[in-house]
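Before any questions on how it binds or moves, here is one chain, the form predicted on its own, in structure tokens.
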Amino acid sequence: MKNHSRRTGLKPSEMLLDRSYHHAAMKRLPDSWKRGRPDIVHFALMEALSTPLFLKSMLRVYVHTINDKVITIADNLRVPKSYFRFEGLMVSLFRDKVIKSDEGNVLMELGDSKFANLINDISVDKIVGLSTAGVQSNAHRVASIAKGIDDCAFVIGGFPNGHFSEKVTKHLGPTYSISDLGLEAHVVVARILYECELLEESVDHKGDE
């Protein structure tokens, strides 16, 4: 980790934990198998923030970390497609607690919050977990749960191995698996949001009749 610090010019405390570089240093950390993959979050955010739902301000996005940090994403954020630029953005966020545009608009904020507090703060009508350990279903049926509900939260794990911790699971509503395969987080995000968009379009068309 010190070698990587010297190469990047960052203090060890300022670097994102990345298994590609810090595998040896991570071995003694609690739940180490769930850490060190910021690329998973990057891919998932690129999927979510590129959807029509987000572009129409119909989707709110939050990232909750294993250390009870919460990243709040503003409606106007366009996440960098380059991982290295994304990494730099995250380093700045964890250092400064906020990222603003050149015009002074807040794009991302970092705060402290347990998962239970986050759920209370966003005040949703239903919370749906998505996990390989959930009840077998498909993306269409799971997305249909949100039909007729003002606010529904879909919780997707952004870690490489394992399942939601107990402190997360106990606050979830029904939990589903949308495939008999272990899909990556960004694929789950894309499929669920696409089905939500189809449901939204069907409601709009009915309103036009």
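One-based numbering along the sequence shown. Everything numeric here is computed off the predicted structure, so don't read it as measured data.
This protein has a second form, the form predicted together with a small molecule, left out of what is shown; the following refers to that one.
Of the listed positions (V168, L183, V61, C152), a single one reaches within 4.5 angstroms of the small molecule by any non-hydrogen atom in the predicted complex, namely L183. Checking H163, K147, K56, H140 for any heavy atom within 4.5 Å of the small molecule in the predicted complex turns up a single hit: H163.
Contact check for F43: no non-hydrogen atom falls within 4.5 Å of the small molecule in the predicted complex.
In the predicted complex, at least one heavy atom of S131 sits within 4.5 Å of a heavy atom of the small molecule.
Heavy atoms of V70 never reach within 4.5 Å of the small molecule in the predicted complex, leaving it off the interface. Heavy atoms of V188 reach within 4.5 Å of the small molecule in the predicted complex, making it an interface residue. Only one segment in the set 71 to 79, 103 to 111, 85 to 93, 123 to 131 has residues whose heavy atoms sit within 4.5 Å of the small molecule in the predicted complex; it is 123 to 131.
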